[in-house]
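One chain follows as structure tokens, the form predicted alone.
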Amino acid sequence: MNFSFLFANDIKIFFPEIFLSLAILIVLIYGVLLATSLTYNYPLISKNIYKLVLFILFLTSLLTMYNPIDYALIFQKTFVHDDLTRVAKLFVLGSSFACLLLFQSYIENSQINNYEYFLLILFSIFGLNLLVSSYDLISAYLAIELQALSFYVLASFQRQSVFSTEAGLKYFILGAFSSGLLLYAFSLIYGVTGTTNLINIKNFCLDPYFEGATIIQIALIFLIAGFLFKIAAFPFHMWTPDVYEGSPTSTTIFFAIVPKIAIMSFFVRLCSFSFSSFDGIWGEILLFSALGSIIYSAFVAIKQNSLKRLLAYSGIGHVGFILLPLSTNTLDGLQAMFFYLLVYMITSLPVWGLLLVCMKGKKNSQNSVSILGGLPTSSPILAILASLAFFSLAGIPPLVGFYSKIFIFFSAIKSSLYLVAFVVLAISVVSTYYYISIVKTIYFEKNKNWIFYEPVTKEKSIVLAVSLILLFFFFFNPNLLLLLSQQMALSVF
């Protein structure tokens, strides 16, 4: 039998990933041959690789967007293509493109001249895209490890920095532990069902005569623990502040913005599709983690002076808001979760872009919140943008972050979680406090020393301006995000 004929349609559907993998190989060969060339006197090619990576991401986005097939299970049900995978891939690629535009000047100033840095980013994006499309536990685990191994190296990329090396080592050790939890959970599921395919696992779990329910419940505990570590949720969040602070800021930005939507997409498919009959077990665990993330981050973030650590704890709190509607296992809850996730990715861009601008030339206090105090005098536009971005994170109108918080509360109330909704609403006031305290620092705290900021490049200004416009636009017309989040939610049910 002709193999190419057998998988012809599968290859067409999977062509964006095939193109991305071939592009990575071409960039790798180009980098190895040129960077080690004595003829060209060992040139620095990081800027060329950067432009090439942007072009590759743009072409991959076009191939993903204009895929003619709406739904298909491909390669013997190993991967799936539907609205959830399409939207998640587009946001992974788009947010990666925006992040590269944001931190290119930082990479030049930090003298990260290794072309391998951009290759590792491409490998991680490839792994995230595979994870989004995975419909099998084996392919999902391989995709998770591909992106995780890239992240370990990216975290410790500045080898001359003790903090970067420490961050990479912590991330590697704890990441290996979480991967072990996932692998153990997958082995238990395979041992009791005899399959690794998600739809077959769902059919086993729905069988009233299925005798492995107890083992599945044990496997779910290990499975959820592994994924909670990957998304930095309570109580497996301990690595996040140290890794965020020690890693190069460009790596931190990529960690904070890009991976969550890919990991959550597969996690939702596991919980709400394959193990929907066990929602009483995983729903309570996720509810506990969500409340813990929101409460813990709100009170700990108040005491933080480091802007990186504050944003790390802020991210833990937002993960709690993402997990809360998922614990309800309803269509409205999933739509609210995906809506919040998309809004969070858009809002994070100007926040982290602001951090890059303010870190110029600061050695000991480069991450301190006090460095924002000179923004109104040196750059009033950046001060306004920073205030609006933090207001959106806090959920204050007229910014789209207000809608994302409201939908979370509505989904909890519709599921009769009245006490949970009240507690989350009360804690949101605390989290709003430390966001407003940052705005107070920007406008009302005077610095005794002169503060100089990095000039905003054209690429960075475009990303900041577009993200700010979207924060207002989606508040007055959120239909596009509502439609995308609804399509993603319907793909699971």
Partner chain sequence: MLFLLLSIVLIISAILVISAQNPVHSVFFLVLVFLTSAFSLFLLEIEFVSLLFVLVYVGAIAVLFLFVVMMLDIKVTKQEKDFMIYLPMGSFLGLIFFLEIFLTLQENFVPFLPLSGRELYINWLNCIDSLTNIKVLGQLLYTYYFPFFLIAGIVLLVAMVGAIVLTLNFTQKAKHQFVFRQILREKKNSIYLIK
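Residue numbers count along the first chain shown, from 1. Not measured: the values here are computed from a predicted model.
Here the subject shifts to the form predicted together with its partner chain, a form of this protein not shown in this document.
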### Task
Run the contact test on T64, S178 and F266 with a 4.5 Å heavy atom cut-off to its partner chain in the model of the complex and return yes or no.
no
### Message
Please tell me which of F103, Y244, F275, F79 lies within 4.5 Å of its partner chain in the model of the complex, judged by heavy atoms.
### Response
F79
### Query
Can you pick the one in G283, G212, G292, G374 that has a heavy atom within 4.5 Å of its partner chain in the model of the complex?
G212
### Query
Just one of 409 to 417, 395 to 403, 130 to 138, 339 to 347 has heavy atoms within 4.5 Å of its partner chain in the model of the complex; which?
130 to 138
### Query
So, in the model of the complex, is L28 in contact with its partner chain at a 4.5 angstroms heavy atom limit?
yes
### Task
State yes or no: in the model of the complex, is some non-hydrogen atom of G191 no more than 4.5 angstroms from a non-hydrogen atom of its partner chain?
yes
### Query
Does its partner chain get within 4.5 angstroms of any non-hydrogen atom of E166 in the model of the complex?
no
### Query
If you check in the model of the complex, is I381 within 4.5 Å of its partner chain, heavy atoms only?
no
### Message
Can you list, in sequence order, the residues from 81 to 108 that come within 4.5 Å of its partner chain in the model of the complex, counting heavy atoms only?
### Response
none
